[in-house]
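Presented as structure tokens, the chain that follows is alone, the form predicted alone.
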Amino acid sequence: MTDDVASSEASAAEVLRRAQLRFGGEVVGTVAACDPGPVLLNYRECFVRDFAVSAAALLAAGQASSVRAFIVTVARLQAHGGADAGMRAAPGLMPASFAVVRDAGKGEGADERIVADFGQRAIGRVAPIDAALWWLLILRAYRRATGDEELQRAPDVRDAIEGILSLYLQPQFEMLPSLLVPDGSAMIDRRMGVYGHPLDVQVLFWAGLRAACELLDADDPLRDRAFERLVALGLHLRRHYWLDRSRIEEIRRYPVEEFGDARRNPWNLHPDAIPTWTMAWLSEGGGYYAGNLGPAKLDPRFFALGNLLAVSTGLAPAAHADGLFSLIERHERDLLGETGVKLAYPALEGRDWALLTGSDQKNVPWSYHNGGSWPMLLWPLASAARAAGRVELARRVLQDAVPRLHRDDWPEYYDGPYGGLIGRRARLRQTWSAAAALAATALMRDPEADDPFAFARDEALEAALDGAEPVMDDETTVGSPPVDAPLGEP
């Protein structure tokens, strides 16, 4: 290990240590940032999605007790919900974030209480759909890293699992296995034109269902329901979200305004809506999962989180994983740049930016969620690269990015088409930027060691996917395997 690398890791570990959030004398989470500047908004709260990255770093360092305390704390918060203007959070919803509040002038432990945000305090007042799914992944990762199977059976934790599944598996006003998602309810927590069925949340839903199937007992009826939805969702995403050259050529020849059971174009996609850059990208080979899909809507933007998680969670079959990394290598400067991974590519500009973001000044082109580069995504990049057998790519990216992040004091995100400028509103000493560097470096240090957040191929699940017979035009309802058909352990 070079001095530069060792110094960077020590700095990242110190950021993670200073971010510790304590309640009742124990660490129950990490705050979003420890920026030395003025404390603004909610960056001194613990975000459930952010803590997934902290948990990866903590588990890699053998510091599992804080992860356990976080799991229990959030499970207990779920039962209380939040209220705003007479509306209460849906039972089973997890908070986006929580803060430890103390009376002014009193020390740690004096009159402490936890205040959670279920969307009633958030910018835009949007409830978090992704938080509960991240919580399931953290719980599963903790169990894999520690071997502790008792925590998932603790009453608070067990009730939380059941609450999540009861909420997320309930019938919808749709005939699709995917989740209908409003703008702003996930990592992209501002308006970005992702209303509908954004890839990032659908892949998290897939991963959360896989985690639940491992955490629940074989004879639990909820496990049957989770597995049935898992198969339907996986089939839907693999068939309809994947884009490569042959798929684009098929869509470009679609007929429109079809009705009936034999339709070729079930989404009524208009070929003229496919942007030129997508055809140019895919004519060179490779592939990726589209950003969104719905009636007359195919959003071909590249969303990195969903695509990378698709590989590490087993949604992407081997051919898709290989195609994705071939695409990333061909367009490395666009997607990886200098300091992190593009959250979304390309950026919305001009009239699209004005209409789809609501002229959001934080999401100007090539900044923040709108084409900004995020160090946090180095962690899922490393995890996906291991799963796809592309470790050298991830190592090379980390060797360049981590020392730069250290020199820049761990920014939240970077601006510019190639991520060369610190984000104009980025916080420094951003916890998940530092934690991602630690977690990704640990994954690269020993590619044979277990990745507790990843999922290996499951033969029973793959057999169910291969044997599924859709009821409606490649869609939704499929049969579930018998209760005693085990999901293979990764």
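All residue numbers are counted from 1 along the displayed sequence. What you are looking at is a predicted structure, and each value in this text was computed from that prediction instead of being measured.
Same protein, other form: the form predicted together with a small molecule, not shown, and the subject of what follows.
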Checklist entry - Using a 4.5 Å cut on heavy atoms, which of A426, V67, A32, A60 is close to the small molecule in the predicted complex? => result A32
Checklist entry - the small molecule isn't shown here, but in the predicted complex which of D224, E162, D189, D322 has a heavy atom within 4.5 Å of it? => result D189
Item to check | the small molecule contact at W374 in the predicted complex, heavy atom, 4.5 Å | outcome: yes
Checklist entry - Does Y368 reach the small molecule in the predicted complex if we count a contact as any heavy atom within 4.5 Å? => result yes
Next on the checklist: I'd like to know if E214 sits close to the small molecule in the predicted complex, meaning any non-hydrogen atom pair within 4.5 angstroms.
Outcome noted: no
Checklist entry - Can D117 be called a contact residue for the small molecule in the predicted complex at 4.5 Å between heavy atoms? => result no
Checklist entry - Of these, 445-453, 47-55, 418-426, 458-466, which stretch puts a heavy atom within 4.5 angstroms of the small molecule in the predicted complex? => result 47-55
